[in-house]
Structures are given as C-alpha cells and as structure tokens.
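First structure 1, then structure 2: two forms of the same chain, each alone, as structure tokens.
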Structure 1
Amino acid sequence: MHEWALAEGVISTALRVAIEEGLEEITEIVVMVGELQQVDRDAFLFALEQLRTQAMRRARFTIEPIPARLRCRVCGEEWFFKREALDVDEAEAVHFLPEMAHVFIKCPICGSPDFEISEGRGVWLASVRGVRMVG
C-alpha cells in the first residue's frame, strides 16, 4: 500500500509548488509514474482524492504511465519491459526488488542479463496548474 505514501508526497509537494507559484487554487496535478514502480493506478488515484485539500477541491489528477525501457550494456539493444513475459513469482520479485529483473530478463538480441533501466522508474510531480492570486 505504498500508494498512500506516494499520494501524501504528491499532495504536499503540489501545495508547496502552489504557494511558490502564487496559486490560490490548483486546477490540475499531473504525476508521472514509472512502470517498474508497480503503482496500482486506482489505489493511487483513490488516495489522491481522499487527501485532496480545499485548495485543490476542483483539481483534476492525471497519472501518466512511463513504460520501462531497457538497454543492453553488451550489444546496445533497446527494448521495452514486458511484464506478461514473467510468471507470477518473477513479477512479484521484480515488484519488490526491481534489481531482480537482471535474474529473469535477458537481452532479446544477445541474451545478456547485463542491461540498464533507462526509463520506467520513479514517481514525480510533472506539473501543477492553477489560478493565480490577484493583487
């Protein structure tokens, strides 16, 4: 249930940004979520809605997924992570410890397990839009 903690971080950061930008009302919050973070989108959105403050009472929450992209350190091949290629136990291992991906995933060209995750990790606040204070 790390979605609740992530939502708390997004809400507090959005409020800080709103103060810094002089926004009296927040109208939209956009959050980028890497595929390997294994965030349950519905649970995350529910937590954001529950933690919504008065300053963001009419705000729209947008969660943008970022696909996981991998790059082989041996041959340079780049490919996208495919969760459906893993069985349940492998997917769970990668969920709790993303570095385990090197045990279960190999380069589709050369078969090497030596790759880097170039995209698809992390959660970050992409933008906060709102109405500026007058005066």
Structure 2
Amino acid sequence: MHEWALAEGVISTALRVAIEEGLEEITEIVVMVGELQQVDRDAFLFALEQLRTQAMRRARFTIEPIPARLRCRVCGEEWFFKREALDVDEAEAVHFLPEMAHVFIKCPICGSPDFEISEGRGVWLASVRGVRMVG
C-alpha cells in the first residue's frame, strides 16, 4: 500500500478515535501492517511526521509488521511471503495493490495461484493511547 494514503488514513482515524474516547492529547498510535502491503517503514514514518497534528504533537508512532502467511487452497501448503521472491516490477505492483500477489506468487508445492492470505494482509490501527480530558 502507498505510504501517504496509509498515513492519511491513520492520522484521520486516530483523530476520530481520540474524539470518541475523549482524549485531549494523543501519546501513542500503534499500527499493524501486514507484510504483503509492502509498506516502506521509513517512508511511512516520514509521511506520519508530515501529517502530525497539534493534538498528537508528542505522540509516538509504533509500527508492528505482521508476517504474511499464505495457504494454498488446493494442497493446503502453508508458507510465508518473501519479498525476495518478486522482481522489481512485481514488487512495485504488489506495493500499489497487494492482491497482485495472486498474479506473481504460486504455491511452492503444487504451483497453484489459488491461495489465501491467512495473515499479514491489510492495515489496522491497533490502539490510540492518550491523556483523557478532565471533567
């Protein structure tokens, strides 16, 4: 996934959660990122810094990568996604659109492209911590 789009989503979702939970200041934002999303950690942190708002001026951004586990629907084989398995163009396509993995990745045992991503697809805002408003 593109880092800027993701950072924009994280910042505005965190602000919404903070309002819902009555936080006047955000101190930590935890994001879980599936490895299949091919998010560049530095570019993501840079985008988050650029988009940081007043309510989160001292907040720490924590990014937790989740390994991408794939499972073949034909033979049941399970394996982990490795970035090295893709060439530059393929990795770029998967970066923009993770479902492109279904074009480039095949089951290592039976060769089928029909696999499911059992873990490590998607992005989740895991928690927003902060200081609650008094009164």
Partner chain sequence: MVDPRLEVIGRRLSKVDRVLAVASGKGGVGKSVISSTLALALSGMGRRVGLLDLDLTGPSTHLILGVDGLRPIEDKGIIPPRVHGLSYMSVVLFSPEEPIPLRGVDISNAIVELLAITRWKDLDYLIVDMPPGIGDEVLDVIRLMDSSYFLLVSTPSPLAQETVRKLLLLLLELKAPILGVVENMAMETTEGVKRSLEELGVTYLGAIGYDPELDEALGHMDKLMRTKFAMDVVKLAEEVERRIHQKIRS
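Counting starts at 1 and follows the sequence of structure 1. Only the largest set of C-alpha atoms that superpose within 1.5 Å between the two forms is called the rigid core. These numbers come from a predicted model, not from an experiment.
Colleague: Is the form predicted alone shown as structure 1 or as structure 2?
Modeller: Looking at both, the form predicted alone is number 1.
Colleague: Among Ile117, Leu45, Glu28, Leu86, determine the one positioned at a hinge; one rigid segment of the chain turns relative to another between structures 1 and 2.
Modeller: Checking the domain motion between structures 1 and 2, the hinge sits at Ile117.
Colleague: I'd like the rotation angle of the smaller rigid part against the larger, computed from C-alpha superpositions between structures 1 and 2, in whole degrees.
Modeller: When the larger parts are aligned, the smaller part is off by a rotation of 18 degrees.
Colleague: Superposing on the core, what C-alpha displacement does Ile105 show between structures 1 and 2, in angstrom?
Modeller: Value for Ile105 between structures 1 and 2: 3.5 Å of C-alpha shift.
Colleague: So with the rigid core superposed, the C-alpha of Glu90 shifts by how many Å between structures 1 and 2?
Modeller: That residue's C-alpha sits 4.3 Å away in the other form.
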